[in-house]
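So this first bit is one chain, no partners, the form predicted on its own, shown in structure tokens.
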């Protein structure tokens, strides 16, 4: 997952998305829309004399990179499929996808979906069910069983598969070995617990240059309100065996366990740099790259910029460790963030669209995107092989562990058509606790009631 910025504009887009969802439901009920406009024969993959054109809407964080580097590589194997990757801001992507899904003359054939979005589009029937609908166009070598369960499940809904993972990510712990060594602390391991981490944190608030002033702190993470603020709390909750919802989709986080998990996120602020309550995504990462914090909890895809790229970091791969986040009573913690690719049912060329997604998520395609673009793979076979770049070796090990942990503890955002609204509530209330506006207990009580009311509508 890439950093989404939630602003007032983002809230307006969310309202637009809700309106679009209502339109989609009405359209689905009256029988018009995608199904009738799809090419029954799949639309083909083009010929030298007649190319096929497909267009994908993708998050602006990586759309241009795909257009410039990935599409030319894809065209080496499929020269008659012309691909346009349209860059769309994160806050507009879902709403725009909803509207495209029932357009009789759609602009897009494909969409990249963030981790919690699949249920919203699948519910109204605007996506191909790839294991069924796209079977005639699926290459025999495309191995579904090779995907790790956690990233593949991101685009699954109600027992059906609506997408494939294209850019996988997990919430991880990075740590600065030099700063740990300076205060005589052992290097963190996946067995390190949250309580042990909090006991060690005061030691990591230190004066590294001997001038009598603190210049390095223990921790950085996203404390500012946004989509990235609840996952750390949820990861702690999950690692202790807790869950956001029970099997009947009723909130189950307003408990002593949930309060303790949120209090952990609040307490971590004591050992962070001044002003850290305003940290979003970039600020803690910058602090880590400059040696100002000993550890951060952030998305694993940031590892290259934190440990490898000398243009933006003072650190080296030898100095930076990566692993799952500290453990609770049920084991280590993490949180899933997957970008998946899906085909719109009203695409005129679904075969070509699925051909692109197959290539991107195939064993060969994954190795290329990992080696060339730095994207994280989702396949077990990719993670089990030696990477082409040495710095990826510890990343592969940590990523495979994180997938296993996430799958075991169901460590992901809400899986429901109301996921965006639920996430907004969780962001509001957990942030209020972090910012000292209310207690952790009151914040979760209020969030539980608001979500209960939402789901009754």
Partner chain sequence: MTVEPLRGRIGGTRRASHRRDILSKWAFMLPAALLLAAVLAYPLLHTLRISFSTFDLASFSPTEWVGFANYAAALQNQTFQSSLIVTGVYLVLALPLQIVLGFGIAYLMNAGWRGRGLIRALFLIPMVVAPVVSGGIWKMILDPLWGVVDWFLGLFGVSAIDWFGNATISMVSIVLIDTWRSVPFVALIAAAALLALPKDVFEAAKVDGASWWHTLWSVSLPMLGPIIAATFVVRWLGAVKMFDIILATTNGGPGEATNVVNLFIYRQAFQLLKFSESSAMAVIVLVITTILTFVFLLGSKSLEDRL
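Given the structure is predicted, the values throughout are model-derived calculations rather than measurements. Numbering follows the first chain given and starts at 1.
Unshown form predicted in complex with its partner chain; subsequent notes refer to it.
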| property | result |
| --- | --- |
| Listed residue that, although its partner chain is not shown, lies within 4.5 Å of it in the predicted complex (heavy atoms), from 134, 243, 99, 266 | 99 |
| Interface residue in the predicted complex among 142, 197, 217, 74, criterion: non-hydrogen atom within 4.5 angstroms of its partner chain | 217 |
| Option from 151-159, 220-228, 364-372, 200-208 whose residues, in the predicted complex, bring a heavy atom within 4.5 Å of its partner chain | 220-228 |
| 4.5 Å heavy atom contact, residue 181 and its partner chain in the predicted complex | no |
| Non-hydrogen atom contact residue 435 with its partner chain in the predicted complex at 4.5 angstroms | yes |
| Touches its partner chain in the predicted complex: residue 252 (any heavy atom, 4.5 Å) | no |
| Partner proximity in the predicted complex: residue 191 to its partner chain, non-hydrogen atom cutoff 4.5 Å | no |
| Residues from 403-429 in contact with its partner chain (non-hydrogen atom within 4.5 Å) in the predicted complex | 418, 420, 421, 424, 428, 429 |
